[in-house]
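Next up is one chain by itself, shown in structure tokens, the form predicted alone.
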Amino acid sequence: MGDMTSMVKKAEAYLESAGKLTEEYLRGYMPNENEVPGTLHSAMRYALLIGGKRLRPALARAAYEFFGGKPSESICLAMCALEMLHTFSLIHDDLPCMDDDDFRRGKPSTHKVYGEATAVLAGDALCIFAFELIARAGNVAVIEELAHSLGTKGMIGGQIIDIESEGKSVDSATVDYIHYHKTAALIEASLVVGALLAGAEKEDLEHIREFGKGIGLVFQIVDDILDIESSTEKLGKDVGSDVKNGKATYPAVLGLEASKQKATELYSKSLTHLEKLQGKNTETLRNVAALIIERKH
């Protein structure tokens, strides 16, 4: 366990470093509230800059470095785009017509501060602006990867099945579908985007994709468990909302202990894909995987 603690600490330091860079880039690329339409820009900046783990940009950067990518604007653009896309999904997730959550990252949700109409438009604008930025990186495969991870075969597909499953008795295959599409797809895409920008080989891309899928599912299972076991203060968002909303979650279908076991199995399986990437230092990616399964908030 001591080794795991050390890995988590190293991952936290890496995420903090990547997070600071991401915020620096975001402040540089984002229009400010003095530019028309000021209210919309203000809402976008609020949602983006109130905090967060910056996990997805950190994963893109880690994969980019892992495959030998040199400092360039393309990875900066990708990191910003990923955080914008993630934030867009959170703004819309928190809306009364979706999960109806009043808190996000320890602060009032965007719609609580700016109203629902502005929140919807701020989410839309962040999604569109993210694609404007990623287009500047000049890699069509990256654009396709991101779009696929968000559409009906990705996040939005997961969201609709999630909504349709509320209050119903569902099987584990449905929960797998929801969580892969709604959460794991963008985590997977973050790693693949970093790898693509660094020019990774096709075979290596598949291993990094499978690693991303595994840790993405672990991330969501841990999230489900924290929704039951944590507190709003610790988690920074409303807890207990999964149960209140009758959400299809792993603990609801499998129970808490079996959910923890599934997370451990997926974590171990994801590491086998890293082992197949011969001759490369996997330490940073291993550390981030350890952080994902061990996280408390």
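None of these values were measured; they are calculated from a predicted model. Sequential numbering from 1, following the sequence displayed.
Same protein, other form: the form predicted in complex with another copy of the chain, not shown, and the subject of what follows.
Legend entry - residue 151, heavy atom within 4.5 angstroms of another copy of the chain in the model of the complex: Answer yes; at least one heavy atom of residue 151 falls within 4.5 Å of another copy of the chain in the model of the complex.
Inset, instruction - Answer for residue 199 alone: is it within 4.5 Å of another copy of the chain in the model of the complex, judged on heavy atom distances? - result: No, no contact at 4.5 Å.
Inset, instruction - Evaluate residue 131 for contact with another copy of the chain in the model of the complex, applying a 4.5 angstroms cut-off between non-hydrogen atoms, and reply yes or no. - result: Residue 131 belongs to the contact set for another copy of the chain.
Legend entry - Contact of residue 157 with another copy of the chain in the model of the complex (heavy atom, 4.5 Å): Yes.
Inset, instruction - Pick the stretch from 166 to 174, 204 to 212, 142 to 150, 76 to 84 whose residues have a heavy atom within 4.5 Å of another copy of the chain in the model of the complex. - result: It is the stretch 142 to 150.
Legend entry - Heavy atom distance at most 4.5 Å to another copy of the chain in the model of the complex, all of 35, 116 and 120: Every residue of the candidate spot has a heavy atom within 4.5 Å of another copy of the chain in the model of the complex.
Inset, instruction - Could you list which residues of 121 to 137 come within 4.5 Å of another copy of the chain in the model of the complex, counting heavy atoms only? - result: Contacts from 121 to 137: 121, 124, 125, 127, 128, 131, 132, 135, 136.
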